[in-house]
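Coming up is one lone chain in structure tokens, specifically the form predicted alone.
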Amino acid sequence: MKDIQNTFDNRGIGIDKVGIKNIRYPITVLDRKNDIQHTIASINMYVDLPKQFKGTHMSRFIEILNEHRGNINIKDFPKILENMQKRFNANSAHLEIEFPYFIEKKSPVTHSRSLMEYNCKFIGIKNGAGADFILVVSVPVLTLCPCSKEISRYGAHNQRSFVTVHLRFKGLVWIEEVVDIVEASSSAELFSLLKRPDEKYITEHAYNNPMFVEDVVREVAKKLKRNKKIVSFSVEAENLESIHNHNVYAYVEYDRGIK
């Protein structure tokens, strides 16, 4: 049969990224406590397309996933990206794997056990011989407004906040390490299961530890800088405000090679 994708395109415009998005696929993730964790990811795969070719063979992306079945993890990212380059005769390859990661936590007073979900992403890019890898971890936390506490006769407004960390590193940085740092930089951490004594503790702990969104990103950045394995990072925090009709936001980035 005629290969339409390989026919000549006369418009003279190359495409930076072409591929597949949002394919659900099982992967394994390194787990600090249990060695590995099985989860389901949403995967995006792209390559560049030279200007002379009409299209890309999309089925090859699925073939590559199937070839790496059971080994789709951070260790095999370079192999998968190289495979994409070779199979498509491409200069650049992009692989994005987004997945839920679960950590067992015990509530602070009753020690009730439950699984807490964190949204994570692996991003891999290979341009020619150069490669880049980014770990993304999003952590929900509780923040309590210092200003509200200061000006109120009693009580203070609080909100759920989402802190997202992008980082590049050498060696191994555990997802749990990032989660620990973010949760320790908030007014209080969140849990899936809390009994009344736990709720009392969390409420009072947050009240005694008020944090602006600016405080959160600064505290996370300060702690990340101490880890010499981390080469560069960005931290963003968004508070889902409880008494305003808007959210508040802060962002900071750092590169050990520059600063």
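Remember, it's a predicted structure, so these values are computed and weren't measured experimentally. Note that residue numbering begins at 1 and tracks the sequence as displayed.
Keep in mind that the form predicted in complex with another copy of the chain is not shown, yet the notes after this line are about it.
Peer 1: Is there a non-hydrogen atom of N227 within 4.5 angstroms of a non-hydrogen atom of another copy of the chain in the predicted complex?
Peer 2: Heavy-atom contact with another copy of the chain at 4.5 Å: absent for N227.
Peer 1: Would G155 show up as a contact with another copy of the chain in the predicted complex if we use heavy atoms at 4.5 Å?
Peer 2: Judged by the heavy-atom cut-off of 4.5 Å, G155 is in contact with another copy of the chain in the predicted complex.
Peer 1: Can P108 be called a contact residue for another copy of the chain in the predicted complex at 4.5 Å between heavy atoms?
Peer 2: Heavy-atom contact with another copy of the chain at 4.5 Å: absent for P108.
Peer 1: Are any of the heavy atoms in V29 no more than 4.5 Å from a heavy atom of another copy of the chain in the predicted complex?
Peer 2: Close contact is absent here: in the predicted complex, V29 is far from another copy of the chain, nothing within 4.5 Å, heavy atoms only.
Peer 1: Within 4.5 Å of another copy of the chain in the predicted complex, which residues of 37-56 have a heavy atom? Give them in sequence order, or say none.
Peer 2: Residues within 4.5 Å: H38, T39, I40, Y46, L49, P50, K51, F53, K54, G55, T56.
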